[in-house]
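The chain that follows stands alone, in the form predicted alone, written as structure tokens.
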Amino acid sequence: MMDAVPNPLNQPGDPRDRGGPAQPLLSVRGLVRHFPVKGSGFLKPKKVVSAVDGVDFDILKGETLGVVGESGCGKSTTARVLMQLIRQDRGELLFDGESVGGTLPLRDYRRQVQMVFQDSYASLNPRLTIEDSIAFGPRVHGISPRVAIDRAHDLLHRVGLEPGRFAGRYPHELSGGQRQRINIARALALEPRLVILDEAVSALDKSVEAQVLNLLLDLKRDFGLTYMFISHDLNVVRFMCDRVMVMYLGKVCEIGTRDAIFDTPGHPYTSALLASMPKMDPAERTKVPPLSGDPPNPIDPPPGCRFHPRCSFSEDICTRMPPGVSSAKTQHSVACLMAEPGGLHSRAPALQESGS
């Protein structure tokens, strides 16, 4: 009898759960990743693209954290830094209380964190069969070829593909939805605790997308997984996620529970994103663009609040003072001067006096 199915995580007695359910699975503090611009730095000031510029957040055990924002806001760069495909310039990653690359070696960290990419075809080696692609990671980490192949076949069953039909095929023989199921199976082959899904369903048509989303929910329940779900489709994010983080130009502008973000957004950018969602009722269609203009140049971001050039509530203070993170509401943080009690913005709430 093969032992190919990962045990559910986050259960009492799981040897990998070092800090208990109260400790975040992944904590990110002060994450910075800049990319140098070619042609700068010699007799000129060195220019960089501020892809991620001081990001703090936690991913809780067993949750799905959604990450949304316009193209270029830093979502995918953040994901690649978390996966350590690229290294951060500054900042700290703590995985279940251990420093990634310090007390927790990268090899051990990467066994517990896996990623599913948007391009299902480019993610697979065209020269490897499906079973070899899934079994490759376990074999690299010391699992015997026979056990790795058995695990690959079991995972093919789990993602709804019959091993007898698909194990010996090559990526070009499969549809986009089937290839993405293979990528999901491959990500689970090392029994990870955290799976990062970077636009994993955006290239699929809607009927296949629904199947893959339901598959992801089933796998999360059966394997005890934690997800970081990056998407531009807010309806999918509302369906999948427990909490949502909104990014703009390399910064986190709001993070909170799904209901808090969708029902009571605190940042003007979040409100604009929600207003752009397609609606089925013709009476509720948007006639005025929620935002005007393009995001500023990440090589030369605006001072103060980075959203102020496009914000209808912008005041002079917004051009000079970067907002702090207001967390007056439980599990709902907003980086906007209008949300800071007693702040200098005219719309800021009054500072409440503590009771005697």
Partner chain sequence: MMNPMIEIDNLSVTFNRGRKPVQAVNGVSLSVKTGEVVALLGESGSGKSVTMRSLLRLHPKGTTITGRMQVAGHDVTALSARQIADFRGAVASMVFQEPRLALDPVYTLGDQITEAIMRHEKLGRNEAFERALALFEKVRIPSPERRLKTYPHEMSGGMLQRAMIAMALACNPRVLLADEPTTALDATVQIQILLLIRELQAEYGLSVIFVTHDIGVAAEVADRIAVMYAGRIVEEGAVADIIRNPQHPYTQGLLGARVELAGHRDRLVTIPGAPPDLADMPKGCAFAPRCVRVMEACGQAVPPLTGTKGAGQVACLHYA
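The structure displayed is predicted, hence computed values, not measured ones. Positions refer to the first chain, counted from 1.
What follows is about the form predicted together with its partner chain, which we do not show.
The stretch that touches its partner chain in the predicted bound form, counting heavy atoms within 4.5 Å, is 64-72, out of 64-72, 27-35, 315-323, 298-306. Between its partner chain and the residues L104, L217, A79, I143, the one pair within 4.5 Å by heavy atoms in the predicted bound form involves L217. Contact check for L291: a non-hydrogen atom falls within 4.5 Å of its partner chain in the predicted bound form.
Though the partner is left out of this view, T264 does not reach within 4.5 Å of its partner chain in the predicted bound form, counting heavy atoms only. Of the heavy atoms in D205, some are within 4.5 Å of its partner chain in the predicted bound form. A residue is said to contact a partner when one of its heavy atoms sits within 4.5 Å of a partner heavy atom; V147 fails this definition for its partner chain in the predicted bound form, lying far away. Residues are counted as partner-facing when one of their heavy atoms sits within 4.5 Å of its partner chain in the predicted bound form; in 91-111 not one qualifies.
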